[in-house]
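Okay, here we've got a single chain as structure tokens, the form predicted on its own, with questions on binding and movement later.
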């Protein structure tokens, strides 16, 4: 008997130009375009296995070992329904010999290798992996941009995780959402020495979810409307050009300015939304001072902080500066033994980072914190798009149930 199954992984992406606000909450159409960097799946990814079988009585999905309800009209339901529609239209209607997989129920099992709902864009990689896995299951002859239209309806930023490298989500103008899709600005190979240091300040579920937070902002923030109309279009153009030209100085300035304005818009919401905390703000101060030194030495900006809807910092830097930035961060935020995995062998592979200030650094820009204020550090880099995985990495057993529950 033929087993119809496919497994795929998809990356996390972290935006430099933030998406915040929907003009259509059902289709997840954004109020502005956005741009992100895709991170390396060797460090952060969602893996999903999908199987279609005539014996399955209904669609089922397990996330990190726990079964999730697929509510009719909900985001999971919408993505699965849309992928079945594509299978029927693009494959089965064009060839009568193709098995009618669109009529079978599916079992889907997904796993993230990082904390869910902690501000690390788990829904983005999760829905991108779901759509990629179903695309391989259904043998769909469609582009990644077409798949991004469906991933977007699961989680807006998921559309950007359908590509590697540097990715724009064009807001589009059509009320149907047909032109609100992701496009690759440049592949991973274009600027491979862009690295990222993620400072996990909190792995708790956030107090105000992105979904409810952004709708409150749309309804109450006058600053958001200035951002949408005036600020973002210019920044999208400027940062896209900076990426093409590998101009880190401009890339860093725009990334930090957009992070600042996104959090200003959150503060301009009624009632105000606070995603940053004292640790987040201290990391900003360190990056600002580090860049001041770089400019003084004629090296320009050497780091760029950005924060999504949470306190966790992502610091973008060129590969050559990451070791110094790590030492600087650890000087102010000491780490527990083994909290840092030295994936790139910067410290001899042992992972033991000793705090150290660069020459001329003003140590009074921030206070030093206790161990645990930054719970973990993840060093990664710009990465590739979704990967098709082999049977050996499948998450479902022979009966089509999660191996983790067997």
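Positions refer to the first chain, counted from 1. Keep in mind it's a predicted model, so treat the numbers as computed, not measured.
FYI, the form predicted together with another copy of the chain isn't displayed, but the following is about it.
- From the list 225-233, 130-138, 86-94, 72-80, the contact stretch for another copy of the chain in the predicted bound form under a 4.5 Å heavy atom rule is 225-233.
- In the predicted bound form, residue 367 approaches another copy of the chain with a heavy atom inside 4.5 Å.
- Taking non-hydrogen atoms only, residue 248 never approaches another copy of the chain to within 4.5 angstroms in the predicted bound form.
- Taking the partner from elsewhere, residue 260 is found to have a heavy atom lying within 4.5 Å of another copy of the chain in the predicted bound form.
- Within 4.5 Å of any heavy atom of another copy of the chain in the predicted bound form lies no heavy atom of residue 293.
- Screening 277, 240, 211, 146 for any heavy atom within 4.5 Å of another copy of the chain in the predicted bound form leaves a single hit, 277.
- Checked against another copy of the chain in the predicted bound form, the residues 166, 305, 333, 169 give one hit for a heavy atom within 4.5 Å, which is 305.
- Contacts between stretch 259-289 and another copy of the chain, counted in the predicted bound form as any heavy atom lying within 4.5 Å, involve 260, 261, 263, 264, 265, 267, 268, 269, 270, 271, 272, 274, 276, 277, 278, 281, 284, 288, listed in sequence order.
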